[in-house]
Structure formats: C-alpha cells, structure tokens
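The chain below stands alone and is given in structure tokens; this is the form predicted on its own.
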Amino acid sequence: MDLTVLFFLTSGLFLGWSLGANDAANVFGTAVGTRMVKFTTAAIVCSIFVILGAVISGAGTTHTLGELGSINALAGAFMVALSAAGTVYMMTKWGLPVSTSQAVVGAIIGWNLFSDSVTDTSVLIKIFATWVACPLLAGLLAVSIFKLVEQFLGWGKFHLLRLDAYTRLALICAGAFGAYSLGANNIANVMGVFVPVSSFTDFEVADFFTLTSIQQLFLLGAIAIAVGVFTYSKKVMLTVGQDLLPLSPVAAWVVVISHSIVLFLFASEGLEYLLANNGLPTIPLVPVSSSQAVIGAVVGIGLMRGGREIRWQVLANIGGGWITTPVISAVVCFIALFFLQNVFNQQVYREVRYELSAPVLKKLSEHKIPIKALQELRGKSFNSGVQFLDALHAKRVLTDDEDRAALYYAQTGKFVVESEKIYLLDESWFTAAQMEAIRNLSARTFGYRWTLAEALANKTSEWRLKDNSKVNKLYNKDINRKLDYVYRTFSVNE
C-alpha cells in the first residue's frame, strides 16, 4: 500500500485513540469510580469487546455519516478525522466526557462548507434529534431499571459479600456489552470518513473468512480505540464515576447497562430488520454519543433521588462541552483544509459537477417533477452542489424532496466497468444474478450513477428498488449500499 495512504490514515487512528481515551469512561467510568472494578481489568475487557463490536457490527451507522457528507479525497478525510480528534483530545485533557459523534459531525460540516458541498438538512435534523433523544432515553431506562433492581434485591435478600461479588461480575458483563455497543455504534466516527476513499481490498484469512476493505478499516480504528483506553482514559473515568454524582455500585451497574442498551438500539441492524419486517417504525442507525447516554443515565438516577446530590456545575461544564464541540470542530476543520490545500498543495476534495442534461430532465419528468421552469438551466454545468442548488432555488418551483432528486440525477461522473475491477468485488455480498448483471456490463462506461444503476436493474430484477413501504425499507437500503460499493469500485477520477 502507498505510504501516503498510511500517513493519511494516521488521523483516523488518532481519532480512534481519542475516542478510547474519552469514551471508555462511559463504559467503565462508574465501575472504576466506585472502586468495584480495577482500571486494568476494565481496560482489558473494554479493549477486547470494542474491537469485536467494531469489526462484527460496525457497518450499520456508517451509511448515515456518508449521507451527511461524502468525503471524496483522502487528504480531506485525513483533515476531517484530525480536526475531530484534536477537538476530542483537547476536551479529554480538560477531563470532560465530550461526544466524538458531535466532533465528527462538526468536522464533516466544515468539509462541506469548504468544498461547497450540500449538507442534507434532513439527515442533519435526524442526527440532532438523536442527540436529544439519547440522554433522555438513557435517563428513562436508568430510572426504570433501577427501580426493578431495587425490588429484586429486596426480594432476594442477598448476603452483603455475595451481593458485592455479584455486583462486580455484573459490572464487568455490562461493561463488556457496553464496549461491544460502543465499537458497533462509534467506529463510524473513527473510520467512516475513509470508507468512500479506502484503498484496501478484500482478502481471505486462512480460507476461513473474508475480511472486507471496510472491516480492515474498522479493525485498525478499533485497535486505536483500545490503545486510547489503556493510555489515557483513567482521568475521564473518574470524572464520570465520581465528580458528577456519587453512585452506589448497584447504581453504577444501572448506568452502564442503560448506556449500553441505548448505544445498541442505535447500532443494531438486526433490530431494524425486525421492526421493519413487522411494519413498525425503525430506530435510525446513527452514531450517537456514548457520553450523552451515560450522563443522561446518571442524571436520571440523580433526579429520581430528588436531584440534591447532582453537582450541577459539573453538569453545566459537560453540557457546555457538548454545545461547543461541533462548532469548534467545524471551524478547525475549515481553517485546516484551507492550509492543507493552499500551503501543502493537497487535494482535499474532488470537484463534483452537476448538469441538467436532456436525459436528466426526462428522468425528473418521469418522477412528476416540474421541469418547465428548469429548461433555462438545460445544458448548464455547475461546479458544486451548492451552486446547482442555488440555481434551482432561484426558480422557486421544487420542494425539498424534489431538490434532493434533482441533485441525485444531475450529478455527473465517470464509471467504467473494467473486467479487472470486477474480480476485486466481494462476490459473497452479491447474489449470483447480481454478479452476472455486473459482468454483463463489462467494458461499458456511464456518465451518471443512476444510468449505471438502471443498467444493472435492466439485467435483473434483483437490482431494482421496491416501493418505499416500511416492509421494503431494509431491502432498498441493502440495494443502495451495494450500489454505493459498485460506484466506488468503478468510479474513474479524471
């Protein structure tokens, strides 16, 4: 692999280290702070399970960050990760359990502003909503679980020494679950921006299983998280475990298990599949803040006790960190991208062009989108999504959903289905019919993503999207993920 690629990946590893240093406190902070679990034991268990969670279940939340901003240059991904990591590191030095999710989202928005890329407000609102829902849900769960545990302990009448042993074991098990959930939910923060520009290729491990390019990225990021846990997480653990609210060992366990459940809910593709197949509303797969989940659980227990023991000044400092983190990260990223591009002559983004050609206008018309007022823009080329969107808004004829459709269909590119690249695809991810359709397009060139997608759908119905009902939501999501993989594989940068 090119040494330049490895160098640019170091910022992702730094971000992983920062996440481990900061967010391990959310998994084992209450256990270590109450002296029920030794720091070394907590660090070992946390490291093992965060790696397992990242590699096995880490793909679910990555897609959401990709919708917010698709970083299309390695140097840009490097600076996004570095800006987020620097912000988290600064907050960690101050002993504040900040949100790595917020730092990454802020950095992505900074890249969008610098590259003149469109920030999808619907995705941003969904992410903001989870930032509010996450601590509230954790607090409600903590109160409910705490009351159930109190009733169980009152019924069980355990001996003090036996209760102590059970509590220690329960804290370790809850921490393991929490670490797994942390890896599954937050690895997208660490390596998600590198997925569109990854140069890794799939390879088989001893003819036993295939490690995909994304899993290789996640494994590197998870190892960096583990190093952060061991080297720098103790100070933040004590902030969460001691400074905010004095906790009993049982309350500490409730906090950890509540936090872990919340992270799991926002990362579980299995749960999403179960809900969607039964026609129920699904929980968005978003990399939520483990810090917010823990603080929400701690405050929930504190309020249940009357709120007198909560150290409100500490809570205010933490809340201030949550508000300023995405802002600082966005500003730092924007300024750093300017220097990286103009001082060090690095390509931090690739220009994406948009054009309302005749085929695009025809496609928009098929979707019942009014194109009469757009005829003046026919044949014009725009150098960025923001420029194109401004031109559409000047016509004042399209809704937000129609704007998004126009952005999708008008985005130009070059996709060449080369036979050599077909062999690089992970065939185990596709059905036989889907792979055959790809092979049948060998040597063909496409100027838009959607024309490639339609060519595949014309070869087999297994590449076609279905109606947008709740039952078909996951099916369409799977097809779109496969299409993104195909686009990345056959894209040609001119």
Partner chain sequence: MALHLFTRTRALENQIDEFLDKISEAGLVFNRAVKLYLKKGQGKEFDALLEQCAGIEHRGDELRRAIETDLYAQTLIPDLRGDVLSLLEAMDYLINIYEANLYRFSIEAPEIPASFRRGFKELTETVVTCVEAVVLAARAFFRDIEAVRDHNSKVMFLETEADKISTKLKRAVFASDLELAHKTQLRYFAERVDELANEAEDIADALAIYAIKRKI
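Numbering follows the first chain given and starts at 1. It should be emphasised that the depicted structure is a prediction, and the values quoted were computed from it without experimental measurement.
There is also a form predicted in complex with the partner chain; it is not shown, and the following applies to it.
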Heavy atoms, 4.5 Å, the partner chain in the predicted bound form: which of 428 to 436, 46 to 54, 31 to 39, 444 to 452 makes the cut? Say which one. 31 to 39
Find out whether any non-hydrogen atom of D401 is located within 4.5 angstroms of the partner chain in the predicted bound form, and reply yes or no. no
Since only the chain is shown here, I'm wondering whether K126 would be in contact with the partner chain in the predicted bound form (any heavy atom pair within 4.5 Å). no
Even though the partner isn't displayed, in the predicted bound form is Y166 close enough to the partner chain, meaning a heavy atom within 4.5 Å? yes
Give a yes/no on whether F339 approaches the partner chain to within 4.5 Å in the predicted bound form, heavy atoms considered. no
In the predicted bound form, the residue from H159, K368, R396, R308 that sits within 4.5 Å of the partner chain by heavy atoms: H159
Though the partner chain is not shown, can you say which of L274, V132, A373, L153 has a heavy atom within 4.5 Å of it in the predicted bound form? L153
